[in-house]
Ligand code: UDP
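One chain comes next, on its own, written as structure tokens: the form predicted alone.
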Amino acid sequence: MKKYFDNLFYDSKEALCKIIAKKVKENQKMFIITANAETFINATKDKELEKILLNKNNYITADGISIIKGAKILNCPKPYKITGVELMSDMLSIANKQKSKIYLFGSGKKVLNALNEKISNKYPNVKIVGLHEGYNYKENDIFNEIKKLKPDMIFVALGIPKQEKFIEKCSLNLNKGIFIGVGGSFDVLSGYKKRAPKFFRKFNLEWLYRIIKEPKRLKRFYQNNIKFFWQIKK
């Protein structure tokens, strides 16, 4: 488990955004993984995902308090908490400033269309060159479309580990583009789901808010987080 922490991005969100803005401006390539306990647990059972996490060219952020506490237990530096939804918002601001092209892939059609409208209204300089829902698609068709459209940023909301594996395959054949797996961020930024209130975010209790709103998450949370801390401490 320690090897995943060795590849974490330990600087601030502001520092990461500066890197992103520079890479967009220079037409470079970048792969960002917003990792939580589930990400690391999946990697212990999935060699393909593990290879992605151990790739020194990729940027892995601590998306959740579990990763931060895990780093403390392992005597690693304390990482900044950088969530997918916050980073995506910041990236859209960068895209708006630089008049960048973006591609949205994932979630359902209603969420995707709502997100398209929200982005168009809030970030008028962003060029949405493509969007495709994540339940009915042919992977090669998406690859070819992204290759043809050459977006500056590609947001993928397929869930762990599907989104990371898709990005890995897609980005290998491209020379530019900031790729990021954003999980449920489309739901939040589109307005279909509410993010946890400030109180929950301030005290690192977003996980509790999500369980309160969606009790079916409890089993998934329990399985991944208990295993995560057990593997760290053993």
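Residue numbers run from 1 along the displayed sequence. Predicted, not measured: the structure shown is a model, and the values here were computed from it.
Not on display, but discussed next: the form predicted together with uridine-5'-diphosphate (UDP).
Contact annotation: uridine-5'-diphosphate (UDP) lies within 4.5 Å of heavy atoms from the stretch 152-160 in the predicted bound form, the single such stretch among 138-146, 92-100, 116-124, 152-160. uridine-5'-diphosphate (UDP) in the predicted bound form comes within 4.5 Å of a heavy atom belonging to Arg217.
Not displayed here, uridine-5'-diphosphate (UDP) is approached by Gly108 to within 4.5 Å at the level of heavy atoms in the predicted bound form. In the predicted bound form, none of the heavy atoms of Pro79 sits within 4.5 Å of a heavy atom of uridine-5'-diphosphate (UDP).
Proximity of Gly70 to uridine-5'-diphosphate (UDP) in the predicted bound form: non-hydrogen atoms within 4.5 Å are absent; the residue sits far from the partner. Of the residues in 38-76, none comes within 4.5 Å of uridine-5'-diphosphate (UDP) in the predicted bound form through any heavy atom.
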